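Here you get one chain, nothing else, as structure tokens; it is the form predicted alone.
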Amino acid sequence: MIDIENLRFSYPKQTDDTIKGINFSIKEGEIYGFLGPSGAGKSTTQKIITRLVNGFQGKVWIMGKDLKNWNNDYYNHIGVGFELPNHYAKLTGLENLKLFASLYDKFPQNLMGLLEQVGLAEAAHQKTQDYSKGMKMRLNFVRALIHDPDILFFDEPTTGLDPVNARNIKNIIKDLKQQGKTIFLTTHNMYDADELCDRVAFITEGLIKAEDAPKALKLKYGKPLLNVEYEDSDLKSVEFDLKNLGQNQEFMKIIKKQRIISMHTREASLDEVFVKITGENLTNIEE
């Protein structure tokens, strides 16, 4: 669905490229995560593919067609959920969706049904100037779905949402995948990426440093450990490498002589793998 080859881009008056010759492809029905800190080039790449910026070098093919050869019909095939919500404040939530639905050739989906999916049905006739930040984010998300696009672009889709609504948005994204939608997800939230994405790319300083399935990256770069909690005058915790665990004398001594409280495996987190590969830490980074 998306093929990128040697993509380069620099903003006006910028001496260095923001995007420095990256390559990747996304298959139909795949959730592909673009992960990196602020300024890494995630959002710029998304803006290029969604035709918000031009002047790039390299090849961008969408649905088997050069991006430069698409006309405005292109927008009937893509839906974009921006990181920052932007709505017409004097219009209600439903009126906002109706306005944007009128811009597409495709017949819109059930707009009230979409609002209900994200918990906004009761606020459908309320002006968006009175919406909370989380409500605006949810309206922003569902607006990308009104014309039933083939490819969806989501930029930090759970930012600013409480845990319940964040979970609901992630469930909707999973359902969209089941419907065969292709999803391009840009985020610095490694937990969301690990849960949602079929494959991820780590991008820093305009370069892709690694690309694979989250599980494969964690197995390749992580160190599977077994965490054991036990009582020995007080509560103690120790970790063991799973490799040759049966021959580890300290481990055998503990399980034979101590009262075990808990025992569970702990693989490396995607965030830990990112740090190992790139040398950068995404924890607590805000875009």
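The structure displayed is predicted, hence computed values, not measured ones. So that there is no doubt, residue numbering starts at 1 and follows the sequence shown.
A second form of this protein, the form predicted in complex with a small molecule, is not displayed here; the remarks below concern that form.
Query - Residue among Glu211, Glu95, Glu83, Asp148 with a heavy atom within 4.5 Å of the small molecule in the predicted bound form - result: Flagged contact: Glu83.
Report task. Using heavy atoms only and a 4.5 Å cut-off, determine which of Arg143, Lys136, Lys181, His188 is in contact with the small molecule in the predicted bound form. Result -> Contact with the small molecule in the predicted bound form is made by His188 alone.
Report task. Spot the stretch among 250 to 258, 65 to 73, 34 to 42, 227 to 235 with residues whose non-hydrogen atoms come within 4.5 Å of the small molecule in the predicted bound form. Result -> Only one stretch passes the 4.5 Å heavy-atom test: 34 to 42.
Report task. Check whether Gln14 has any heavy atom within 4.5 Å of a heavy atom of the small molecule in the predicted bound form, and answer yes or no. Result -> So Gln14 counts as contacting the small molecule.
Report task. Using a 4.5 Å heavy atom cut-off, state whether Asp192 contacts the small molecule in the predicted bound form. Result -> Result no; Asp192 lies far from the small molecule in the predicted bound form.
Query raised in the report: Would Thr18 count as a contact of the small molecule in the predicted bound form, using a 4.5 angstroms cut-off between non-hydrogen atoms?
Result: Contact check for Thr18: yes, within 4.5 Å of the small molecule in the predicted bound form.
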